[in-house]
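Next up: just one chain, as structure tokens, the form predicted alone.
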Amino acid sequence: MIAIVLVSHSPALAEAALDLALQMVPGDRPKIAIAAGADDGVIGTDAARVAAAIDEVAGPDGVLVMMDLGSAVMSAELALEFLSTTSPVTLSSAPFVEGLIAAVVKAAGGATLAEVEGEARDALAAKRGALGEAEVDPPTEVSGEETTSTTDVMSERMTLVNRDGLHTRPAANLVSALSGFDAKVSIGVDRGTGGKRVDARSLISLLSLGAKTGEVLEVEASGPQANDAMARMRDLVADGFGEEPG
């Protein structure tokens, strides 16, 4: 599992963002270190602290470094010159809060460093879509060919019953639940317009659906554990992801 380092001017900001992100992952979590603030509690960043944080959590799968703004980027770049580890390190341009949530959920599912960084970088896509803004790099849709070309594709329709639909927490729970199965799962929403289907292992893609309570999810699954993955998703949706019904 990859590790994550947060570089922020404010320890309080970094800790609050991390607390929010960790609430989305009930099971195994990536190693995460915070490098925030400067000497004597001054707001700022320090390259030596960043390097120490990277070395602390570094492992063979690599480290994703996320920064808030300004000198945090410069400190992270300079820190690369001070590292003891030979583990691969990637500095991400992802938004600090949304990107961190996306990265933690994706990393917990065992994704690669490149996959986690890509998910984090796309983290504003769902918000842009909700506000009707054009997406620079919209979440990758799953084409019909990708699933129907595989034998024994399962299809089911499931109605969202929880009050707030497929918002961040249930979407994160879904990603975590499906990550342990050897199966490809895609999800769309039946709106009578032949809408898009997205990868069920991508938090950002799931959020881009904007699925609300009462709407019907169109689910397809294939692979050796497709039946188990479909059953797990069926249970989660029927239970309303543990939330109040709409």
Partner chain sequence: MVDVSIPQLVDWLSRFRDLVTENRAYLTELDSAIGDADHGSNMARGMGAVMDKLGAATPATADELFKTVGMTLVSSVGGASGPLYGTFFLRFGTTAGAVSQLDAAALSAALHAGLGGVLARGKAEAGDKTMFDAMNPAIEALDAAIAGGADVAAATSAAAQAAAAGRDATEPLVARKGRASYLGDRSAGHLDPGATSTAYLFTALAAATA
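Keep in mind it's a predicted model, so treat the numbers as computed, not measured. Positions refer to the first chain, counted from 1.
The protein also exists as the form predicted together with its partner chain; that form is not presented, and the subsequent description refers to it.
- Only one of the listed residues (Val97, Leu78, Met158, Val153) places a non-hydrogen atom within 4.5 angstroms of its partner chain in the model of the complex, and that residue is Leu78.
- The single contact residue among Glu220, Asp46, Asp61, Asp199, judged by any heavy atom lying within 4.5 Å of its partner chain in the model of the complex, is Asp46.
- In the model of the complex, its partner chain stays beyond 4.5 Å of every heavy atom belonging to Val216.
- The closest heavy atom approach of Ala38 to its partner chain in the model of the complex falls within 4.5 Å.
- In the model of the complex, its partner chain sits beyond 4.5 Å of every heavy atom of Ala114.
- Not displayed here, its partner chain is approached by Ser71 to within 4.5 Å at the level of heavy atoms in the model of the complex.
- Remark: of stretches 23-31, 47-55, 202-210, 175-183, the one touching its partner chain in the model of the complex is 47-55 (heavy atom within 4.5 Å).
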